[in-house]
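Before any questions on how it binds or moves, here is one chain, the form predicted on its own, in structure tokens.
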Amino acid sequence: MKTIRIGGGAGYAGDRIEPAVELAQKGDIQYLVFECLAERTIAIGQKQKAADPTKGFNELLADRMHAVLPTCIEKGIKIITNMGSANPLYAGKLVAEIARSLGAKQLKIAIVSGDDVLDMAMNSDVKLDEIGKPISQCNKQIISANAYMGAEAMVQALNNGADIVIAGRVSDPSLFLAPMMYEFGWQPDNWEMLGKGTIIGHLLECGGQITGGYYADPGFKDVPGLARLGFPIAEVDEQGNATITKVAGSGGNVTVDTCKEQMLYEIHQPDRYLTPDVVADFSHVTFTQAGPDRVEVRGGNGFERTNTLKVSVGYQDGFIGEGEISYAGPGAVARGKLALEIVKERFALCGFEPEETRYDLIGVNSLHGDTLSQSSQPYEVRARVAARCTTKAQAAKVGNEVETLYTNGPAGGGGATKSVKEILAMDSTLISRDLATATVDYLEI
């Protein structure tokens, strides 16, 4: 039975590069997939592209390609990625330039686009789910609107001989499903196989999360070698069965439990996981430990895809102003609380009314609030004030006020920092899938 090996080379935009190099050099893989596009990332990319039409793709694209291309070209490993983000065309041009500099010849780069539906969304005045209003009534500066595309255009690219496929917004598991559809001849309406392939893609899409990253809990769930965590490999056969593993000798581990945790990651309804390709059913998947760092994946199903596509809409939603200052030694918690009370009173005295404010003692109540805070007195705490404001100037006042605690607050404050960050918020909507058409262009070397 035909089997392919797919490596998960990244789980987010800024992920480590060395594990991907290890996959290419030692993983005996045919495909290296980089999943690097979170919900907010493409909105950031659209802002970058608006400022410079040659930007807007993943900022580590060049570093990754310089690192893996020599081995991938030598071994004939195909690369599939969504690092094109808001600008797949210029991402493709950059990769072509790097490939030429490495002396590559007869290399075909496919550029998948069509996910940018901003004009359509604005002209159609689509309703945003969370805000609950049409765009025209939201009073927000819309930055981006990108539809989650499926695997078909990437399969088309592979059928046309692409060695590297660069896309923008596509569904994360679709990046991995595409080579399975291509290699095994799975048709776009073979719902069972597409469901199984989507499950495998979901297991790989977060990179090191399935090999022990985001899993370790010392004394309860110990994971060796996290500093050199190995990224995952899926050995997949034409029946949609898979074995998850990693490069021998790399850090981390692949166990039934790491696989279970990753399968449940970001899953709302396990028996009805909606993707552009298929409605996947995770509810009867089984995992079996088949050896050290080898877990067999069996089961799963799929049903006919929906007639709609999800669209992520990014918009400017003000600014966050933030200030922090530390207190240590006896009475640190009391001094930290006093610092926060002073800032709160200062805001009232100055008539400063942000849209939303938080007053936290990091190490005491910043994550779960006062009801679950620890009863013991820590030796050190860090007071943090953060506020959401309409303008950048308003947001700057937050950190400035915290900084005045140096000389106008409790004893022993130190290490004050302040910052202002623009908020790029995300909402979503559904559109008819015929309103977003994927296109594939090619660059040949």
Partner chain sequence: MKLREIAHSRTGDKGNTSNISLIAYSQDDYQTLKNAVTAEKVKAYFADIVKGEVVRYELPAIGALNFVMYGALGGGVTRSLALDMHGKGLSSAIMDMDI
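Residue numbers count along the first chain shown, from 1. These numbers come from a predicted model, not from an experiment.
We do not show the form predicted in complex with its partner chain, though everything after this point is about it.
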| property | result |
| --- | --- |
| Heavy atom of each of 268, 388 and 425 within 4.5 Å of its partner chain in the model of the complex | yes |
| Interface segment, criterion being heavy atoms within 4.5 Å of its partner chain in the model of the complex, picked from 106 to 114, 229 to 237, 312 to 320, 71 to 79 | 312 to 320 |
| Contact flag, residue 344 vs its partner chain in the model of the complex, heavy atom cut 4.5 Å | no |
| Residue 357: touches its partner chain in the model of the complex, heavy atom cutoff 4.5 angstroms | yes |
| Touches its partner chain in the model of the complex: residue 66 (any heavy atom, 4.5 Å) | no |
| 4.5 Å heavy atom contact, residue 366 and its partner chain in the model of the complex | yes |
| Candidate from 290, 138, 264, 122 lying within 4.5 Å of its partner chain in the model of the complex - any heavy atom | 264 |
| Of 213, 300, 92, 168, the one that lies within 4.5 Å of its partner chain in the model of the complex (heavy atoms) | 213 |
| In the model of the complex, residues of 206 to 227 near its partner chain [heavy atom within 4.5 Å] | 209, 213, 214, 215, 217, 218, 220, 221 |
